[in-house]
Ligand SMILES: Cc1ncc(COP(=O)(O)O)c(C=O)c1O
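Take a look at this single chain, the form predicted alone, given in structure tokens.
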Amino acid sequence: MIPVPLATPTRMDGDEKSVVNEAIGRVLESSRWILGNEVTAFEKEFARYVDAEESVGVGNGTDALTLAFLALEIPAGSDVLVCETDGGYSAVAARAAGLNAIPIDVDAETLNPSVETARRALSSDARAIVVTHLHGNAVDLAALDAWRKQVGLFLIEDCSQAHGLRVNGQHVGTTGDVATFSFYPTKNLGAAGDAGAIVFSTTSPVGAASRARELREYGWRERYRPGLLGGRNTRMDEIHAAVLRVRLPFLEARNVARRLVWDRYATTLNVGGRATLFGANGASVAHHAVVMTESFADRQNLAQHLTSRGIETGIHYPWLVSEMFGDTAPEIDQGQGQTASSLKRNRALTIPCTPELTEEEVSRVDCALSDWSKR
């Protein structure tokens, strides 16, 4: 039995594969492979796509977050509020920028951070909050944005799983002070390897984009003359920029295809009544299809059922941020969990949901979900 894959980054339709190959060939024939015309062009095109003022290409999504903290000039040693369930990426970036990552719980109903959960974690040293649009689902930012302004926090939107996601016509990433994107190959918009971007809008502090450009290349204000401390080498490759440029026009259709698969699963689970999909009531570009079961035992049972049908699954994410940076390795909690975040972690199972899946593959997953729901 050929498995139904959880990720399909190497699959492309003929037209997309053709333009990607042409783009790579164009770069290989050029005289510049780092920070050249392709990067400059992609930065402008991507900023235009997300309705932002400017974007700065970097080496990966985690570096994008790290440089975002530095470009906002958050003092070293400050606290940054991050979501317990975001996979730890914002916490790693905060630590790399010399900041303290303070995990915040999620709301028991929305399973996203809220004003109340953020307020409980707020310290006198807090200077920023990172909100991740997890699994391609939009976090309702209205109340959080108003609250963080009242208490004087920067808002960084991590949109690494949310390319093309819009709420009431506004692309995510243009509400806060700065936004970050990852173009890892399995993202909705993926490069041929690691790449990322920092996006600046009319809400961004003056000078932040210029600082990010210096920081990504050793802090140079001019070649070999550092103007900023904290600079590093995290430049976007020309090949990745060229690939992203030609893939960007395909993104909207690919998101529609993802959402069609996602909606199909949601309907099946709704009929069965034993589980739901994360983010079922909000805007989504279906980066992941995350089944939320009623318990840890149900999650394990569903995973085993799908595996027996030749369907790959994953857990996004097996550890909470507060568990990742302790002195001892965490143990898997097989109970219901003590917090809303641990409850979410114990119930979440990711199933295949990519635009390249065949109808036969989608049907196999859908039928397996239906059979399990009727048990």
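Small disclaimer: the values here were computed from a predicted structure and weren't measured. For every residue, the number given is its place in the sequence shown, counted from 1.
Form predicted together with the ligand: not shown, discussed below.
In the model of the complex, the ligand lies within 4.5 Å of some heavy atom of Gly61.
Interface residue remark: Leu65 is counted as part of the site for the ligand in the model of the complex, having a heavy atom within 4.5 Å. In the model of the complex, at least one heavy atom of Ser182 sits within 4.5 Å of the ligand. Proximity of Thr132 to the ligand in the model of the complex falls within the 4.5 Å heavy atom cutoff. Contact with the ligand in the model of the complex, defined as a heavy atom within 4.5 Å, holds for exactly one of Arg211, Lys187, Arg247, Arg148, namely Lys187. None of Val290, Ala195, Ile156, Val82 but one reaches within 4.5 angstroms of the ligand in the model of the complex through a heavy atom, and that residue is Ala195. Residues of just one listed stretch (248-256, 158-166, 198-206, 225-233) have heavy atoms within 4.5 Å of the ligand in the model of the complex: 158-166.
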